[in-house]
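Read the single chain below, which is given as structure tokens and is the form predicted on its own.
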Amino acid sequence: MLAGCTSDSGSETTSEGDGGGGETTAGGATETAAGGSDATINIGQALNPVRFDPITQLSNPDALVANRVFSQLYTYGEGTDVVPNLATSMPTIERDNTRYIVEIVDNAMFHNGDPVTAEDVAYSFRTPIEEETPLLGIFSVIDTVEAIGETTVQFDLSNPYAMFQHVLTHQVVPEAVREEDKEAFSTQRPIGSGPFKFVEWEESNYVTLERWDDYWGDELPDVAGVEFTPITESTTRVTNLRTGDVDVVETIPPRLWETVESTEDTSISEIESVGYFYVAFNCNEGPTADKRVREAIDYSFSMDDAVDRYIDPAGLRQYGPLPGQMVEEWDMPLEEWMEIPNDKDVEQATALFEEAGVPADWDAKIIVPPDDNRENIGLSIANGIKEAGYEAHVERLDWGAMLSRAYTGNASDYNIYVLGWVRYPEPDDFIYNLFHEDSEGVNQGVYYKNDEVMEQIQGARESTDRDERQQLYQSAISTLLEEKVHLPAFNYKNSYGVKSTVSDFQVHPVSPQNPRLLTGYNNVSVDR
């Protein structure tokens, strides 16, 4: 959201980064004394990042940058399994699943040279609660977190929390640096302990990172740095890939999928995302607070046709708020959920609008983020409402404006919004944040009221009995779908267009983990 400038810690270019003392490899790239090359990888982002402080919650565009800068207590392996990063091993769990004890490595350093301490870890998990950031909903289960030794952290929870190991994938920040100037930490001087250092951010233009040659991990990045360039117009993004102005682009637009596939020196790396993209109704104010109106809108257009036309092959039709892998892993009744959406029937839609007493001059307000595909979904809905006899307008907002307006619950801001959710591969993260009343105004703007559903969501959150959780989620989700709180739309594939000069590029199902430049199983290089 704010402009950045050169980082105090990240502005100094190392001799390795400059290529000084390097030698040319057989492939033409220059190998530095540190063992990596002097090539910088250029990545075209689909959206603008707005801030980089993990304490305040990162959106996906932020996390694509920040997750290269910050280390995490735990991270993900090649799939959705949680594996140690700063931690030395998986946590010790005691006291009926309410105490987690984590040992961290003793050699990790932040980019300013300070050691990563157990106090920093405790601060990183305690502060979102104290500052009541948008992460409060998932962190509030932490009763206390404290350093009980130089490298040992103890988390005491107020109740069992089944997805807590996923919460432990949170990034670790240096307490002293962040406390000195929180605004600068978020925009000008984000200092982490990851393999890349933050150098500079010019809002809407670029973010520059460079390899940290003192990285504490087992291996250094092969690339000397990363330049992220937001290219929000999808055709321009693909053009830049084809001309070689960027090495990698995030998110292949559906209509250009074949173009990228058929480009001689380019390929697509893809995997189904742990994500969910949806149409949400304002159940708090305005005509959409009436279920009959939400039902009418579902009758006024065909989501199947919209997804087939605007999303395929870059994404998949989705019929519930859990992504496909999770539906399968949790044995959810997908066939039943597929029967819930209405087939297009404009006469039925008109009849329901009239039965609900919607004024003839109603002009439905649909807000969408800066994403052509989601805008097209919004336009499909608007066209359907118009066919049924009412006005409707789609307003495309920049990312910051979208997040500030979509959760107010005010009908003057929106009747409908089109958004998505990507984060932890755990049902609680999707259901609690998108539907529970505690998330109103923070991560959801539906303001749906149903005590039984709220109790089911809360019960599933606190239970460690997987069968019980499955039943609670199944029941809650079925009600939410029948009540038309959301119209599930699609799930994107995590897709990247990659030039042939880039090697060892792999895509992860958890979106913010991408682009995977250095992990336990890959190290990206660029041959130039």
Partner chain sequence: MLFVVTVTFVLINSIPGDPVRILVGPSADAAAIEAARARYGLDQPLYIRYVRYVAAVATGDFGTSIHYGGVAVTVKIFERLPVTPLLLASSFTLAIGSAIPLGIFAAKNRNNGYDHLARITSLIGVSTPSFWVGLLLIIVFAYYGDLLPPSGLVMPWADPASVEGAASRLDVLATAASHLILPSITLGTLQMAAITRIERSSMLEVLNKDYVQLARAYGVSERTILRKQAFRNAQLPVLTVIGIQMTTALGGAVLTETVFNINGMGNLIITAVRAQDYQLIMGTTIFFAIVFVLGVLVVDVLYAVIDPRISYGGGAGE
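Because the structure is predicted, anything quoted here is derived from the model rather than measured. Residue numbers count along the first chain shown, from 1.
Although it is not shown, the form predicted together with its partner chain is what the next lines describe.
- With the partner left out here, its partner chain still marks one of 380 to 388, 393 to 401, 90 to 98, 70 to 78 in the predicted complex; by a 4.5 Å heavy atom cut-off that stretch is 393 to 401.
- Proximity of Gly441 to its partner chain in the predicted complex falls within the 4.5 Å heavy atom cutoff.
- In the predicted complex, its partner chain lies farther than 4.5 Å from every heavy atom of Gly225.
- Remark: Ile129 does not count among the residues lining its partner chain in the predicted complex, judged by a heavy atom distance of 4.5 Å or less.
- Residue contact with its partner chain in the predicted complex: Arg242 places a heavy atom within 4.5 Å of it.
- For the candidate set Arg423, Arg189, His166, His436, a heavy atom within 4.5 Å of its partner chain in the predicted complex is found for exactly one residue, namely Arg423.
- When you look in the predicted complex, the only residue of Ala162, Ala108, Leu136, Ala411 with a non-hydrogen atom within 4.5 Å of its partner chain is Leu136.
- Taken together, Gln325, Gln506 and Leu517 are entirely out of contact with its partner chain in the predicted complex: none brings a heavy atom within 4.5 Å.
- In sequence order, Val50, Arg51, Gln57 are the residues of 50 to 83 having a heavy atom within 4.5 Å of its partner chain in the predicted complex; the partner itself is omitted from this view.
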